[in-house]
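Only one chain is given next, in structure tokens, and it is the form predicted on its own.
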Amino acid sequence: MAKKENKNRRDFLVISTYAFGAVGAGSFVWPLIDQMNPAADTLALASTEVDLEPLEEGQAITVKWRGKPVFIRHRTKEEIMSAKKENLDNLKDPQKDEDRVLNEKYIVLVGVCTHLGCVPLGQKTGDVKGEYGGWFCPCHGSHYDHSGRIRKGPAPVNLEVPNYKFLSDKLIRIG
């Protein structure tokens, strides 16, 4: 009977040791796994709302979303017409203007050049807007039109259009 008691006791000690070791390993590994989750400040920027009410025709603003600049421009009638009439055969990355906007008055773009990740000029009054009146990346000479489409230079594709929607006539949510 003593042998059976010792065997049960030994089994209990072995199982307890393995369980204690597993809990210890888990408490060591969990912080390593948890640190791969997005930071709280990143999660807070997952979406942002922008009021377009103060933005007058021809003006542009830059907001930050997910650590990137987002360009929002209230386009003039001339800019809209220029963007719409462009022949797609002349474009490196052909996209209709209608496919890039939800409301033709406003263009919303991630303000990062698709060549090497620079921030193009063209948002501020007095900025060089390039040959096509949109944005210009001075680092390597990429020119974008009023719809954010690449027209000249080394950038391979158009400026990215982020996921956004209109919550009202003058309020958008990006993300």
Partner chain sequence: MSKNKSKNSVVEWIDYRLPIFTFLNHELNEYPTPKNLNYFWNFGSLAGITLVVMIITGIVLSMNYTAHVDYAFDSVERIMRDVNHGWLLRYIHMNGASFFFIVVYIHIFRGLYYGSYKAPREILWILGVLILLLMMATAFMGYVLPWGQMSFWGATVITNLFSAVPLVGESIVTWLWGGFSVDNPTLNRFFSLHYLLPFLIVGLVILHLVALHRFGSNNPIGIDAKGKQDTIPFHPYYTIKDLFGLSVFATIFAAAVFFFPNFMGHPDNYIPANAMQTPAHIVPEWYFLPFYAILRAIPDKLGGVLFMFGAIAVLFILPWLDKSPIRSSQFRPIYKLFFWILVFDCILLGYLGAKPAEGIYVLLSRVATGYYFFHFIILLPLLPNIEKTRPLPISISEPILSSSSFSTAAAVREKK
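From a predicted model like this one, the values you see are computed outputs, not experimental measurements. Positions refer to the first chain, counted from 1.
Below, we turn to the form predicted in complex with the partner chain, even though it does not appear here.
The partner chain is not shown here, but in the model of the complex it comes within 4.5 Å of a heavy atom of C118. The partner chain in the model of the complex is not approached by L55, whose heavy atoms all lie more than 4.5 angstroms from it.
Among heavy atoms of Q59, none comes within 4.5 Å of the partner chain in the model of the complex. By the criterion of a heavy atom within 4.5 Å, V128 is excluded from the residues contacting the partner chain in the model of the complex. Within 4.5 Å of the partner chain in the model of the complex, a heavy atom is found for every one of K68, C139 and P156.
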